[in-house]
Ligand code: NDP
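Shown next as structure tokens: one chain only, the form predicted alone.
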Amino acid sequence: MTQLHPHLEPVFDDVLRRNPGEAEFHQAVREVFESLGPVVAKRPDYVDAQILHRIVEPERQIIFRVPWIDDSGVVQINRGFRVQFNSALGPYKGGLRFHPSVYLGIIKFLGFEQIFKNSLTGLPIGGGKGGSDFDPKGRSDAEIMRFCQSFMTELSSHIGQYTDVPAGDIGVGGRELGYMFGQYKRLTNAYESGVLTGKGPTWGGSQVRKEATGYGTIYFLDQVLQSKGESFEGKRVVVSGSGNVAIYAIEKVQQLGGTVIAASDSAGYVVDERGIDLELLKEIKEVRRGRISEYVDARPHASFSSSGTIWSVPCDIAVPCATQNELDEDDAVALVEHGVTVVGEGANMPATQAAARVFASAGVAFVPGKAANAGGVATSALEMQQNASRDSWSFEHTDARLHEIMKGIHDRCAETADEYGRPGDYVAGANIAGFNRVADAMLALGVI
């Protein structure tokens, strides 16, 4: 583990003391702090103003009860969260996650990451995150609607287009956002379309939003390859997951000439050496809401494994798009041994810190999620712009803006890494560039 700068060590010790049991939050803070030694050495004004102590403490943490009635008439109780972490750059912005693993530490880790991800976009949005331990899997549409309405009944008093603008995340797609927006409209008697992003395109949503995180990740990795004089053409690519991020990362890789040979879900992974059949995958996951094991029924030459790890499949480029800490040190070693040259996080913190160190020591270009997967929130901010102006942009125009933003994030990370003596280190570049913009805004706004 990298030794922290003397100004950072006591702050991190304080994070451990004040936030016991929140392992993911500790990991996220440590990962950023390991990059900030040169920053605090260069900018003592950040230390004097206690920016580091302030940035690890959320501005507001909201926890609430979510009661709802299932189809059997039984009252169910879940817990809801919204962590409004930092608004120095603009209204809080970040998704809602519905998954049984959700607890306060997960939401704080995601919200902390969101601060720097949003900062890197260059757009005026702060960082926040929310969700619930509710599991939509196996629930009827009516049950999901009742849960979402109850969740929004409490959340509605804490959000607004100039205050906090949630979006979707794991377990929260167009269906869930629709139910929540309908309830917000009912409660407020206002069609405040800017209060949620990820909406359907017929009721205030943006083109490209569904594709944005996956597309944006690949746009960033394409810039990495171009910086090495390479392209996706002819590359073997492994993408974990099979939700929105993974599906549209696969789509963009294929458009750029790469071959995605493996994808996964929580039950296992498929390998298709001829290249993943994207339309079949969309049919299984988006239409049928089925399991990826069904893929081999239609493509018998492919194989499915319910054990082991997708990271054992040899590839040139790895794109983890499933969930946090899915790629550990052993997986990283296996990828390096099989010749991987680029790894880009499509999910939030899917690689452990030990895995990231393996990639760094092997000279693999490793791009953290706060940079690589910022396309989703960037397009959400574009949706906010359209809502504010009562406008609607074409797919092509929005996609071009997304591409431009991701190129800008890549260049910002690369230039910052060079400036601080870490050429090619996208982790340091992303952490420092994201932190500096927020820290400067916090200085300008005073002690609040």
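All residue numbers refer to positions in the sequence shown, first residue = 1. The model shown is predicted, which means the values in this text are computed figures rather than measured ones.
The form predicted together with this ligand exists for this protein as well; it is not shown, and the discussion that follows is about that form.
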Exercise. Can you say which of 261-269, 299-307, 274-282, 224-232 gets within 4.5 Å of this ligand in the model of the complex, counting heavy atoms only?
Worked result: 261-269
Problem set entry | All of 97, 241 and 348 with a heavy atom within 4.5 Å of this ligand in the model of the complex | yes
For this session: Answer for residue 160 alone: is it within 4.5 Å of this ligand in the model of the complex, judged on heavy atom distances?
Result: no
Exercise. Using 4.5 Å between non-hydrogen atoms, is residue 170 touching this ligand in the model of the complex?
Worked result: yes
Exercise. If you check in the model of the complex, is residue 199 within 4.5 Å of this ligand, heavy atoms only?
Worked result: no
Exercise. Hey, in the model of the complex, does residue 175 get a heavy atom within 4.5 angstroms of this ligand?
Worked result: no
For this session: Note which of 83, 322, 356, 152 lies within 4.5 Å of this ligand in the model of the complex, where distance is taken over heavy atoms; exactly one does.
Result: 322
Seminar exercise, completed: Partner-free chain; cross-checking this ligand in the model of the complex, the single residue of 107, 120, 343, 245 with a heavy atom within 4.5 Å is 245
Exercise. Out of 210-231, which residues reach within 4.5 Å of this ligand in the model of the complex, heavy atoms considered?
Worked result: 213
